[in-house]
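First, one chain by itself in C-alpha cells, the form predicted on its own.
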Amino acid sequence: MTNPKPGDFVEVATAEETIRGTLLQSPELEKDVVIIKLPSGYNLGISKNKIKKISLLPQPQSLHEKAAVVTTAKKTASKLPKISILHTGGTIASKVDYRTGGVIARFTPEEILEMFPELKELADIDSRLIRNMWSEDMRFAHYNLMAKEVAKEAAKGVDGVIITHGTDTMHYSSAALAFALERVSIPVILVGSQRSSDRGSTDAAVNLISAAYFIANSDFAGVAICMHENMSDTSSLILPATKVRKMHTSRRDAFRPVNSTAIARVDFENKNLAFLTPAYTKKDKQGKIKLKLFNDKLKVGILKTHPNMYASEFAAYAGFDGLVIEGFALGQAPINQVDEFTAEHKKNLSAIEALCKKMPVAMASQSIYGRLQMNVYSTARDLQAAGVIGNLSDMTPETTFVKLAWLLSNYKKDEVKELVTRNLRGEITERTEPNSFLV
C-alpha cells in the first residue's frame, strides 16, 4: 500500500487514541507535526513522535456525493413559490483544499442545489452566479450589480430573492441593498456561512434552507440577513439589514442585531416561523423597485479614533468625498489640549474642521451599542461646532459608512448633512430599548 499523501483519508494511531480524518500538508515550520482535518471540519495537529501508525483508508462519501444521490418527492413546481438565488461566492460556496487545509475553490450554483435538496421542496428555485469572489473584495460597483440583478428578478415576478454572500462584509452589503433598493416589495435575504459547505460542521444548509422557508411562508418584504441564532442547528434569525453586525470571527451565530431586535425566528425542521416584531413591510408583488445606486467613483473613509492620534491621520482624508469618524462612546475624539503632552490635539481639531469645510464628516460610535449624545460633553460639542454631523444616531459605523456613501451618490451635500440623521431604511431607531443590548 502506498504511503498516505495530503488529501488522503487516514487513520492515525497513537498510544492514547485512534483518529480518523483527512491528511493535510504540514506547514514548513511544523514538519514534526501531522495535521489531520477531522470530519467536524476542525484541524488537529499530532506530534510525529507520538504516532505509532498511519493507515490509508477508503475515501468517505463526500457531502456533495451524498446529496447528489438523495431523492425527494418533488412537488409540482407551478404550485411552489418562485425564489431566485443569486450567488456572489464566499465561504457558503466554498470547498476545503485538503492539501493545505485552506478554503479556496467554489461550488457552482447547480452543485449547491444538489447539496441541499430540501430547497426543491420549498420553492421553484432558479439559481445563477453573478460574481465569484470573497466578500472582502466588495466595492460600491458590486452593490450596484447586486441591486440591478435583484430588480431584474423582481420584474420577472419572483416571490423572493436569496443572495449568497461571504460573511466578512455581508452586513455592509445588506445595508447597501436596503438603501439602493427603494420601495422593495419582495423579500431579499442575504445568506452566508461561517464554515464551507463541504464540511460536516457547515452552517450553510440551515441558513440557506431557513431563508427559503421564510420567503415561502411569510408576507415580509425588504432586505434582511438570515444566519444561525445560536451554536446549534435548531433555528436561524432574520436580521434587519441596517441594524446587524458580524460580532464574532468564527461562531455560527456571529451575526447579531445592534440597537434593535431580530425580525423573525425560523425553525424549518419543525415548520415553525415566528415574527419577533410586529412592524415590518408586507409583500406587494405589484410594486416596482426603484433603484438609487452608488457612485462607484466616490471615496469615503472610516477613521477609528485612538489614543495618541496625530493631525496627519485626519489630513490623510483631505482628498476624499466623505469621512466617518469612529469616535469614543457618545461621540468624542482626542481634540483637547489639557497639558504639555496634548498639544497635538489642538491640531487634530483644526484638521477635522478643515475636512468638514470640504466634505460631510459623520460621527459613529466605536462602542457599537447605544446612541451618540454629542451635547453631553464639551468635546463632542466642539466637534459639532467644527462641522461633524451625526448627533443622536444609533447606526453602527458600517451602516454610517454605507449610508454616507449612498447619500453622497444621490443627494446634494447640504441635503446629505440633514439626511444623515434622518431614518430612511430603519437604520436609526426612535428609541433604543434596554433589551436590545447583546441579544
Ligand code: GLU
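All values derive from a computational prediction rather than experimental measurement. Residue numbers here begin at 1 and follow the sequence given.
The form predicted in complex with the named molecule exists for this protein as well; it is not shown, and the discussion that follows is about that form.
Mapping the unseen interface onto this chain, Ser173 falls outside it, with no heavy atom inside 4.5 Å of the named molecule in the model of the complex.
In the model of the complex, none of the heavy atoms of Ser84 sits within 4.5 Å of a heavy atom of the named molecule. Put simply, Thr242 is far from the named molecule in the model of the complex: not one heavy atom of it is within 4.5 Å. At the 4.5 Å threshold, heavy atoms of Glu340 stay clear of the named molecule in the model of the complex, well away from it. A heavy atom within 4.5 Å of the named molecule in the model of the complex is found for exactly one of Ser235, Thr305, Ser135, Thr202: Ser135. For the options Asn348, Ser365, Ser193, Ser210, the one in contact with the named molecule in the model of the complex, meaning a heavy atom within 4.5 Å, is Ser193. Stretch 84-92 is the contacting one of 322-330, 211-219, 84-92, 181-189, since its residues have non-hydrogen atoms within 4.5 Å of the named molecule in the model of the complex.
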